[in-house]
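The chain below stands alone, shown as structure tokens; this is the form predicted alone.
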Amino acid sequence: MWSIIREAFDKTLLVAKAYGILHITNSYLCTVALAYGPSMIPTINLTGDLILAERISPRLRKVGVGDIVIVRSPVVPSRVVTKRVVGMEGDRVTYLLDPHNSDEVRSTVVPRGHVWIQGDNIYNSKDSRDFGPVPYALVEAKLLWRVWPPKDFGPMQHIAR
């Protein structure tokens, strides 16, 4: 009887350790994310790409212009968005105000502790052009590797702008 209880306890402990390791890995080291939607076309497919993203760079403040990041939405905090970093604190960013209807541009300086993010598809992206600079603390991960679809398997494209 006690051997059955001991064996059940040992297996439960093993499962708890596995979940603990998985939680720490997913929360602090790296995560797998599904990135989809029109805002990052052509870099990310409309129907979605499975992406490996690492969470260490944002904590060490090693995210830079051209990196694709996962950001907690400043408008809808329950959502995360995938965008490209276009400007870091102190950078002057020039952007099209309304790319659909005019060629009017604006310039702004990214304030301290913030980043400027934009989708690669400026015609269909809600980004810093709409809600302004994003606090750096909302940057959750940096995209590293596209896992799916298999034809696009490989490192994520870094574009310095």
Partner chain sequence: MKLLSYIKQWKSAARETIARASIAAQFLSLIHITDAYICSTTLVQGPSMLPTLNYSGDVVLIEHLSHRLGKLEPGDIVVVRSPVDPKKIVAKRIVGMEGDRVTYLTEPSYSESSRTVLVPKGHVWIQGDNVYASADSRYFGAVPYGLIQGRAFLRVWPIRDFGFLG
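Numbering follows the first chain given and starts at 1. Between two forms, the rigid core is the largest collection of C-alphas that superpose within 1.5 Å. Remember, predicted model here, so these are calculated numbers, not experimental data.
Below: the form predicted together with its partner chain, not depicted.
> Does each of 74, 112 and 137 have at least one heavy atom within 4.5 Å of its partner chain in the predicted bound form?
All three within 4.5 Å in the predicted bound form.
> Report the stretch among 113-121, 32-40, 48-56, 99-107 that approaches its partner chain in the predicted bound form to within 4.5 Å, counting heavy atoms only.
Careful reading of the contacts points to 113-121.
> Would residue 15 sit within 4.5 Å of its partner chain in the predicted bound form, counting heavy atoms only?
Heavy-atom contact with its partner chain at 4.5 Å: absent for residue 15.
> Is there any non-hydrogen atom of residue 11 lying within 4.5 Å of its partner chain in the predicted bound form?
No, residue 11 sits far enough from its partner chain in the predicted bound form that none of its heavy atoms falls within 4.5 Å.
> Find out whether any non-hydrogen atom of residue 61 is located within 4.5 angstroms of its partner chain in the predicted bound form, and reply yes or no.
Flag for residue 61 set to yes.
> Indicate whether residue 94 is a 4.5 Å heavy atom neighbour of its partner chain in the predicted bound form.
Looking in the predicted bound form, residue contacts with its partner chain do not include residue 94, since no heavy atom lies within 4.5 Å.
> Taking the rigid core as the superposition reference, indicate whether the CA of residue 22 shifts 2 angstroms or more between the shown form and the other one.
Comparing forms between the shown form and the other one, the residue 22 CA shifts below 2 Å.
> My question is whether residue 13 is one of the residues whose C-alpha shifts by 2 Å or more between the shown form and the other one, given a fit on the rigid core.
Yes; that C-alpha moves by at least 2 Å between the shown form and the other one.
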